[in-house]
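What follows is a single chain, given as C-alpha cells, in the form predicted alone.
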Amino acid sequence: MPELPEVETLVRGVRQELVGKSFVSVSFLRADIREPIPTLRLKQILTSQPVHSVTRRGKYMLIHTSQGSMGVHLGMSGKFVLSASSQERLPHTHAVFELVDGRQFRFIDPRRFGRLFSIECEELNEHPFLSKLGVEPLNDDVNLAKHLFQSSRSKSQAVKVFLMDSSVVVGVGNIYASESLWRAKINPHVSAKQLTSKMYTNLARQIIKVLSEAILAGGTTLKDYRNKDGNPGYFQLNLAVYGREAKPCRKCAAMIVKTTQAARSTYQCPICQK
C-alpha cells in the first residue's frame, strides 16, 4: 500500500499540473469502489472550478476548489495518472477528470480498495477520514521525537506497531517503519514504552531521513505504485531490510530475518537490532 513518500510524490506532481486550472468534465465509470462515490457532489466541487491547491494529509491526497475538496486514497493498487485523451483507457479505470487542454487524470484501481470522497469547506479538519489522524512527521512545527516519546509512555505494544498507528503519526507504514528502526538500531519487537527519550530522538531523526530520501527517490514501487506520469519510484533500490529476508545486512552481513507483527511482515537484522 502506498505510504507517505508515495502520496507526497503524487501530490507534488499533481499540484504542478492542476493548480490554477479547471476540469471541463468529470466522469465516473462506476458508482462505487471501496464504498459509494459521491459522484454528484464531486462533479459540483470540481467541474469548471479552478483548483487553488493540492495537499496531503497522511496517505490522502486532497484537491481543493472554492466549492470544497476531493479526497483521494490509493488503497492497495490505486493510481491517479495523467494521460492524453486519445490514449486507450486501461482496465479498471473508474473515474476520468478532463482538463481544458484535453489531457485527463484517470483513477485506476484494480483491487478497488481506494477511495474518492467529498469534503465540504467547513469540515476539512473534522472529516471522519481525517479528524483522528496523528501528527505529520515532516512538518517543521512538529517535534517528532518529543511527540513519540510522550505518546509511548503507556504503550505496551511493539515499537514497530506503535509507529504504524496513524492516530499517533501518519505515513510511517510497514516499509518505512522497518527501515527507520534498522537505521536507529532498535529491535522492532521491543515495547514502545521501553524506549528512552534519547532512543526516540535518534529514531525520529531516522524516520525523517528515510521519508525524505524516499520522497527524493519518487517513493517505493514494489508492485503497483506509480506517480502521476505512470512511472515507478526507485527507493526500493535503497532498502536495507524490507523484503530482504535471508540476504546479508548492509552493515554487518548477518542474514536479515523475517517475522510477523500485527499480521504484517517485519524485517530486521538480528545483530544490528538486538
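Numbering starts at 1 and runs along the sequence shown. Here the structure is a predicted model, which is why all the values come from computation and not from measurement.
As for the form predicted in complex with the DNA, it is not shown, yet the points below apply to it.
Under a 4.5 angstroms non-hydrogen atom cutoff, the DNA in the predicted complex lacks Arg56 among its neighbouring residues. Residue contact with the DNA in the predicted complex: Arg250 places no heavy atom within 4.5 Å of it.
In the predicted complex, none of the heavy atoms of Arg244 sits within 4.5 Å of a heavy atom of the DNA. For Arg205, no non-hydrogen atom is located within 4.5 Å of the DNA in the predicted complex, even though that partner is not displayed. Only one of 196-204, 100-108, 140-148, 72-80 lies within 4.5 Å of the DNA in the predicted complex by heavy atoms, and it is 72-80. Shown without its partner, the chain has no residue in segment 130-151 with a non-hydrogen atom within 4.5 angstroms of the DNA in the predicted complex.
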